[in-house]
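Take a look at this single chain in structure tokens; it is the form predicted alone.
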């Protein structure tokens, strides 16, 4: 099947975190139809091998392609680090954008030479942000910190309690003294902790970079350049939500974060 401007944008992540990208895309492109897949049965990705992450990413990509999407957004830093090229190859003529490229570009455009990155063990261990940032500006210094506990805390809904605060303080203590110009939230779950991060960085001039807003801008630019924007009427685009398992708190957390009711979340077995 061929795609059209009315075809959906496919967005995927390992769990609930990618809804930060959904929210940003719906704000930037309110008429676009969106299909979201959260791999809730196999979250978190950040502690898994590169080979396993690639396998999962291609399974999800195949699912989205069967839905005839016109664009794939990788709303997962771990997948962007481990499998972006593989996803692009699988997509063929359908473009695929990743959050690492988007976040790096936003940080460089914001200015400054000292950039911090927090992410999962897999993302930080890959060095993907270091490569992406220095490719854009060789003079940039990158300070990275793996924060593996944040994803399970986010999935549990523990984003604003004492445990979350102590965890953030532990992870950010080293970076706070680096005089960072920007701090990239290198996991789509991490914007759920944005208020806590901002409070810890209080008194610094560090800008917090959320790659969700940046990838939404990149998607807008790409669709405009290809004349693939959905201009059908003035209605709000549709939103379909699929998961590989439905933890008890997923819908509650998703609705709280999206700020709207999600009428249906469908479970799909990819294996």
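Remember, it's a predicted structure, so these values are computed and weren't measured experimentally. Numbering follows the first chain given and starts at 1.
Another form, the form predicted together with a small molecule, is not on view; read the next lines as being about it.
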**Asked** Would residue 120 show up as a contact with the small molecule in the model of the complex if we use heavy atoms at 4.5 Å?
**Response** yes
**Prompt:** Does residue 151 make contact with the small molecule in the model of the complex, using a 4.5 Å heavy atom cut-off?
**Reply:** yes
**Prompt:** Using 4.5 Å between non-hydrogen atoms, is residue 38 touching the small molecule in the model of the complex?
**Reply:** no
**Asked** Any of the heavy atoms of residue 57 lying within 4.5 Å of the small molecule in the model of the complex?
**Response** no
**Item:** Interface stretch in the model of the complex with the small molecule - options 182 to 190, 103 to 111, 83 to 91, 160 to 168, non-hydrogen atom within 4.5 Å
**Value:** 182 to 190
